[in-house]
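Single chain ahead, by itself, as structure tokens, in the form predicted on its own.
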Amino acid sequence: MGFKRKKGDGDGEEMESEGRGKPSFNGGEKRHVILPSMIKNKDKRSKVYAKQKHEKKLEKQKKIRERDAAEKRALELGEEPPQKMIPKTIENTREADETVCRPDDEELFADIDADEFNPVLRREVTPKILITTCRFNSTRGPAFISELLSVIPNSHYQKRGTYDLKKIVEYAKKKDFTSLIVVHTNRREPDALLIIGLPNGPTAHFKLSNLVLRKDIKNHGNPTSHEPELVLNNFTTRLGNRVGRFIQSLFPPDPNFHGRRVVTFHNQRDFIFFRHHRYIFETKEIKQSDKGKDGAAQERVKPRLQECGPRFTLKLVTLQHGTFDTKGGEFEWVHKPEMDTSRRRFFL
């Protein structure tokens, strides 16, 4: 029930209310703000919510029109347009990091020229990848490995059996493999990747999550055997640059553009999202009203992306010097829970 009450004869101040609500003060005037969550009646709550949403939309459109008019007026007067407001996100408000790579960092370029990935990235050695599993394989493990074989060119699968990992590393060195990928599984699901650079390391341990195989992706495409293009995004720190070069050493440096394949590793908040696409060109006819002067329908080529899969997310757990060694290995970087002190602190 709504009510209207006057407070005294001398002050003339009125207070209106249409339900329960906490008072808010705006410019010295007292009024009650009604939130949709305060209304018990479902129909009335929906109407109030729709009205508030519509008012917010109108206010946003009004601000856009005012900004466009100010830009147009500034251009007519030959002045600089007003600066656009950049929304604050977790990425652009990240904590300052001294290890972020700079274009004029001579020490960084010296480290790059002397790292373990230089022979592959300079085309002195052709990447050759060996893929194996942990000792206890899973249900989706073989399917995931078969899709990795189709993603990474010049990769080979070797059954693990009961062999120790150090013996597999020695075998891979003798066969001139440049990297070794071990797919670890837990409870019938792949949950980690161990990537070992050969012959001298390093070794990266990634947590694997959100795996979606190719058959589970709607309208997926089938990749060809062409070497894919590689896209690496947001590897900005010293550690991120090293991880990015490690990933880059798994793929041939000369992509075959005729295959129209793109492999993407996108780093966002220290989570590396993997996607595998194929871009295709479709020919579509223009509408009847847009026909040419001769009356014949015109055609337009429209590009789009088709996902080939698989789709998964990686998170770096450890980065170790040399090949895999659990006892005497020296770690470059280890992720620990106490390092996660802020949502705006990133390491890659």
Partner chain sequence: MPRVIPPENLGCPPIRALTFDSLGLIKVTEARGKERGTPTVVNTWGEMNASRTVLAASIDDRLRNPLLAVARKDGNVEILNPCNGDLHFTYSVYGDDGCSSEENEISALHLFRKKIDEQAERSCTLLTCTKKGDVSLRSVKFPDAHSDSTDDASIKTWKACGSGEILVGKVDGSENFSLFGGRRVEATIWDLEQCTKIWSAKSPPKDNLGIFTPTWFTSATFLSNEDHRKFVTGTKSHQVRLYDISTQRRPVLSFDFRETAITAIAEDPDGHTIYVGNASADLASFDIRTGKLLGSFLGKCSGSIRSVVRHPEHPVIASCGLDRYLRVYDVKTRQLVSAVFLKQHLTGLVFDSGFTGEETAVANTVVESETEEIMDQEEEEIEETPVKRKKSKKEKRGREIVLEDKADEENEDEAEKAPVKTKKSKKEKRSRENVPEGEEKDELRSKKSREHKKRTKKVKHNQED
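What you see is a predicted model; the values in this text were computed from it and never measured. Residue numbers count along the first chain shown, from 1.
What comes next is about the form predicted in complex with its partner chain, which is not displayed.
Engineer: Tell me the stretch among 319 to 327, 33 to 41, 306 to 314, 53 to 61 that has any heavy atom within 4.5 angstroms of its partner chain in the predicted complex.
Structural biologist: Single hit among the candidates: 319 to 327.
Engineer: Given that its partner chain is left out here, which of 98, 76, 80, 176 has a heavy atom within 4.5 Å of it in the predicted complex?
Structural biologist: Filtering the options by heavy-atom distance leaves 98.
Engineer: Please tell me which of 111, 229, 191, 71 lies within 4.5 Å of its partner chain in the predicted complex, judged by heavy atoms.
Structural biologist: Filtering the options by heavy-atom distance leaves 111.
Engineer: Since only the chain is shown here, I'm wondering whether residue 344 would be in contact with its partner chain in the predicted complex (any heavy atom pair within 4.5 Å).
Structural biologist: Residue 344: no contact with its partner chain in the predicted complex.
Engineer: Within 4.5 Å, heavy atoms only: does residue 124 come near its partner chain in the predicted complex?
Structural biologist: Residue 124: no, not in contact with its partner chain in the predicted complex.
Engineer: Does the 4.5 Å heavy atom contact test between residue 164 and its partner chain in the predicted complex come out positive?
Structural biologist: Output for residue 164 is no: heavy atoms all beyond 4.5 Å of its partner chain.
Engineer: Would you classify residue 106 as touching its partner chain in the predicted complex, given a 4.5 Å non-hydrogen atom cut-off?
Structural biologist: Judged by the heavy-atom cut-off of 4.5 Å, residue 106 is in contact with its partner chain in the predicted complex.
Engineer: Counting only heavy atoms, which residues in 327 to 346 are within 4.5 Å of its partner chain in the predicted complex?
Structural biologist: The stretch 327 to 346, when checked against its partner chain in the predicted complex, contributes 327, 328, 329, 330, 331, 332, 333, 334, 336, 338, 339, 341, 345 at the 4.5 Å heavy-atom cut-off.
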